[in-house]
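Only one chain is given next, in structure tokens, and it is the form predicted alone.
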């Protein structure tokens, strides 16, 4: 057993009563500012809302990590539902908005990567689920006029064994919203787990097989245009000049605009935008990397590999052992630059208005992308709303620190004053994406 303590003041400050249900908000451990919640150990404690119990019996779990095929829209709800004693058939999942309470408990920003989602969220989600369970049990006990210790939660109901009475979570949601926070949150003994460690059907499988799942490439907005960007042939190159007349002659093309990344052709749909881009005439200033040569770089790396490296740890005398070896084996391993080549090509939808900006994209880097969108739109971050869609693969490609695929969409939308979806072709991404490093 383990327990977490949340002060009543902190709980009531972060908990929110909404019409028709119960919202649980908690201060939960992260990385620093441990003084905010003594007794929970070192970590950052920010107000978090991870579960909503509705009067319609639906249990909505808000997930602050990106689902890119790795299964966290199932594994993270399993953690919370385990402690909540929820009916698994009632579980629904929503992507978290960009807010401090959804920051990664270790990295301190909202992102997904490094195979960290489950272990970094494990204690946080267990506590959120346990708090909700205890409030629902307390609500049932109050309704029946009995001690909470005489009640138990099971599969979406609270039961009173002595009388055989039971109430569903939906029936208890409104009353639970008025209950004071318990002083201690007791977590289940792992030997009693019913979901964690058990094979479960993925929650996102039905939508992904019946076509209702929404990836970034699927997003549609009223009045939306589609853009394809002509990017430079060399990293770091800039547009010197361009002629848009042939592009604008393509039926369906409405705008040709220069942005930081290159020249965007904006049209009714993807195909006219691509045809328009093909017709563009651009003169590039290729800059200092124009002469970069892969073979020369390979030779430079091989030469550097012969030099003494930085010592991370020294144990024994490797040079002496090699020098006195009766037999030596040598092998050279080379790794080229590798494109991430996600199944879903890069894309982003942006709708920039004078009073706000909305972005829809499959991202692994919500905090950075929201802030980049705000900068590109010329708006404060609180006026930017980022919607995380499903990701057709990520592998780090959708967690780039310059957020270039988001900036492009925001810049184009701001210029043409309409919602715009920027789509990368497969060739665009192979040529112009962030590569895994050569070594």
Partner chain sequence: MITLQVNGRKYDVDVDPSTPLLWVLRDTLGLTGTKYGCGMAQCGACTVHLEGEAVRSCVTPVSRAAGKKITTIEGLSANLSHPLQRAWIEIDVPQCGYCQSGQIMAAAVLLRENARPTDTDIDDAMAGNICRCGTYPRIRRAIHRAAELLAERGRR
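What you are looking at is a predicted structure, and each value in this text was computed from that prediction instead of being measured. Residue numbers count along the first chain shown, from 1.
Keep in mind the form predicted together with the partner chain is missing from the figure; the text below concerns it.
This chain is drawn without the partner chain; in the predicted complex, the residue among 341, 196, 109, 93 with a heavy atom within 4.5 Å of it is 341.
Screening 150, 213, 167, 237 for any heavy atom within 4.5 Å of the partner chain in the predicted complex leaves a single hit, 213. Looking at residue 381, you'd find every heavy atom of it more than 4.5 angstroms from the partner chain in the predicted complex. Within 4.5 Å of any heavy atom of the partner chain in the predicted complex lies no heavy atom of residue 286. Mapping the unseen interface onto this chain, residue 270 counts among the residues with a heavy atom inside 4.5 Å of the partner chain in the predicted complex.
Residue 391 belongs to the set of residues with a heavy atom inside 4.5 Å of the partner chain in the predicted complex.
Partner contact region in the predicted complex: 202-210, out of 202-210, 298-306, 134-142, 326-334, criterion any non-hydrogen atom within 4.5 Å of the partner chain.
With respect to the partner chain in the predicted complex, the three residues 218, 423 and 426 uniformly fall within 4.5 angstroms at the level of their nearest heavy atom. Residues from 52-78 that approach the partner chain in the predicted complex with a non-hydrogen atom closer than or equal to 4.5 Å are 68, 69, in the order they occur in the chain.
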